[in-house]
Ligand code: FAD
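Single chain ahead, written as structure tokens, the form predicted alone.
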């Protein structure tokens, strides 16, 4: 058994852990990073990055099918699922190796193994050898894990979670998705864009419950066009094998119904990953559902132990975990920083995309917050017409008294880019007047933001406000 001391011990090398490691090391701390599986965590290996690689392939295939509108003819376009998965893996491997290189260059000691607390100050790492580490400060960044339904048949070979589906090279005749959240809907659109009939079964009254009802409802039109059948308010009861396929039985409106699918994705959410951490040996406040409790400084009730990312169950977003890692390190360095969640952007990579930041209309209504709102149709923008994206729109919410932007939502192409500008505006309390005075390049989709700022003042130029 080896024993070592370090300034900072970080458990978990996902987007929270590796960012915190590099940031701390660049500021002079000796850092030990522990990872039980792979550098980059879920996001880089079996989450955000590989999923978006598949999204891109699916989008390109759809574009090939509709190039006639641009005067280009492609006869019988085809795709190779094995090649798509291989290309996804190449991207993932390149990013992971790049992070590993940076960790080495900044002298972050990386240990492959499973970390477990023996008490509030001592952590044992079981890898190729046993190492006991004492650290001045500790950051827990162990992320989250897939949830699973406790129903008969959930362990059948045709049932995969998101990790399994990301490595699937089989082209199914049909796909059933259990769960209409972000993960479920992104995969539904990926497979449907590749020409595969998809059925989504959701327990709640609507899919994507985290976004405004208006956006969730609007997405159904595009789902239908891609042959995605969405069944809501349905409780899955069991899954039974039928040859190489399976039958899903569910209860809906007090009736029992069933569908057959060649492949099934179980996407019913994620839970904080605290298994095997030995938190019972510590004084850290935690539970299986809500994860590790932290304050605005990302500090647990044990003053020298911090937690960031999905394990805190505050926001299950990689970019939030990364920023939390920086804030936690700043507090360790005595800089006194607090997390501000008022301008957290989120992008859902369906087709069309949905992006949000700040407050939504639903939130304002539920909390009796006064707001002004403007909707800008993409049809008012030249670049959107060129991209055949005129069905989309941008929505801005503002405080009617201060004129500050408090919320932004985009439904349509390039939402992933537009949301960045809105995030900067909300984070820095910009008013619609300040946005009006900002020159946006032409012809670009970003002009929609300027048009929205003008519209909040009833001065829109290119559409009727």
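Positions refer to the first chain, counted from 1. Computed from a predicted structure; not experimentally measured.
What comes next is about the form predicted together with flavin-adenine dinucleotide (FAD), which does not appear here.
J.: Though only this chain appears here, would residue 377 touch flavin-adenine dinucleotide (FAD) in the predicted complex if you measure heavy atom gaps against 4.5 Å?
T.: Residue 377: no, not in contact with flavin-adenine dinucleotide (FAD) in the predicted complex.
J.: May I ask you to check whether residue 54 falls inside a 4.5 Å heavy atom distance of flavin-adenine dinucleotide (FAD) in the predicted complex?
T.: Output for residue 54 is no: heavy atoms all beyond 4.5 Å of flavin-adenine dinucleotide (FAD).
J.: Do residue 9 and flavin-adenine dinucleotide (FAD) come within 4.5 Å of each other in the predicted complex, heavy atoms counted?
T.: No, residue 9 is distant from the partner.
J.: According to a 4.5 angstroms non-hydrogen atom cut-off, is residue 321 in contact with flavin-adenine dinucleotide (FAD) in the predicted complex?
T.: Although flavin-adenine dinucleotide (FAD) is absent here, residue 321 would touch it in the predicted complex, with heavy atoms inside 4.5 Å.
J.: Tell me which stretch of 336-344, 283-291, 136-144, 188-196 has a heavy atom within 4.5 angstroms of flavin-adenine dinucleotide (FAD) in the predicted complex.
T.: Partner-contacting stretch among the options: 136-144.
J.: Have a look at 59, 416, 404, 37 for me and say which one sits with a heavy atom within 4.5 Å of flavin-adenine dinucleotide (FAD) in the predicted complex.
T.: After the contact test, the surviving option is 37.
J.: Work out which of 300, 360, 316, 353 lies within 4.5 Å of flavin-adenine dinucleotide (FAD) in the predicted complex, going by heavy atoms.
T.: Going through each option in turn, the one that passes is 316.
J.: For a quick test of understanding: in the predicted complex, does each of 24, 32 and 305 have a heavy atom within 4.5 Å of flavin-adenine dinucleotide (FAD)?
T.: Heavy-atom distance to flavin-adenine dinucleotide (FAD) in the predicted complex: none of the three under 4.5 Å.
J.: Would you give me the residues of 1-21 that have any heavy atom within 4.5 Å of flavin-adenine dinucleotide (FAD) in the predicted complex, in order from first to last?
T.: Those in contact are 11, 12, 13, 14, 15, 16, 17.
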